[in-house]
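In the form predicted alone, a lone chain appears below as structure tokens.
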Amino acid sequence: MTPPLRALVFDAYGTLFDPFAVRTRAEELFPGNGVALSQLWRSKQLEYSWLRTMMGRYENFWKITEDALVFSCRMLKLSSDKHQQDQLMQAYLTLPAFPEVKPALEKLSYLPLSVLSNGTPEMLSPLVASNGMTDFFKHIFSVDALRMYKPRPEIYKHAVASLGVSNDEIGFVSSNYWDIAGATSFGFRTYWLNRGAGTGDELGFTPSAIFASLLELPRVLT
């Protein structure tokens, strides 16, 4: 018999907060290149997190994000100075939440809610605060505590140890399928927020449920 959920854990970037919102500032700084820069930047940010974990050469997510930005500007042949890069980096501290996130969290607040993210505490705390969500979350877990990145199983285990409940009593929500696969492999009950009607990767793991809006999750859980 499946035990009831006793906690919900959310990924941050792409799940609660929109990392592609930086395209607005990017477009202002580099007209005609905002979308391309935001997409390449996000792609390299994730790639660098995986590569550094595999190499055992940890840098925190702020540094990885900065390195990914520098690469992306070079790749797109955009002449960027430190001031422009700083403006884009600062945008990461105030990324907007997706419109349905706050109403969904209000409906889910009967459960203890937490965040588990690659971001550093110094990135996540102002981000949650700027969106008026501080009171929703019991914990904000950062991979920085372990100096490695998701989807390493140690990251998910870190949340279990702090929450004090078993793996299968924790629901994990992410818009990133690689994160869903990692959390499912670890033993979480996973819920894929598939906003873009994407195709799940062939990694041998499937989520408990798939939905297009976080507002669907309360119904899914009941």
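Throughout, we count residues from 1 along the sequence that is shown. Keep in mind the model is a prediction, meaning the values are calculated, not measured.
Keep in mind that the form predicted together with another copy of the chain is missing from the display, and what follows is about it.
Asker: Which of 145-153, 97-105, 131-139, 80-88 has heavy atoms within 4.5 Å of another copy of the chain in the predicted complex?
Answerer: One stretch meets the cut-off, namely 145-153.
Asker: Since only the chain is shown here, I'm wondering whether Asn33 would be in contact with another copy of the chain in the predicted complex (any heavy atom pair within 4.5 Å).
Answerer: Because no heavy atom of Asn33 falls inside 4.5 Å of another copy of the chain in the predicted complex, the answer is no.
Asker: Can you work out whether Phe211 and another copy of the chain are in contact in the predicted complex, taking contact to mean some heavy atom pair no more than 4.5 Å apart?
Answerer: The answer is no: Phe211 has no heavy atom within 4.5 Å of another copy of the chain.
Asker: Even though the partner isn't displayed, in the predicted complex is Leu203 close enough to another copy of the chain, meaning a heavy atom within 4.5 Å?
Answerer: Answer yes; at least one heavy atom of Leu203 falls within 4.5 Å of another copy of the chain in the predicted complex.
Asker: Applying a 4.5 Å heavy atom distance criterion, does Ala161 contact another copy of the chain in the predicted complex?
Answerer: The answer is no: Ala161 has no heavy atom within 4.5 Å of another copy of the chain.
Asker: Note that another copy of the chain is not shown here; using its position in the predicted complex, name the residues of 14-48 with a heavy atom within 4.5 Å of it, in sequence order.
Answerer: Heavy-atom contacts to another copy of the chain in the predicted complex: Lys44, Glu47, Tyr48.
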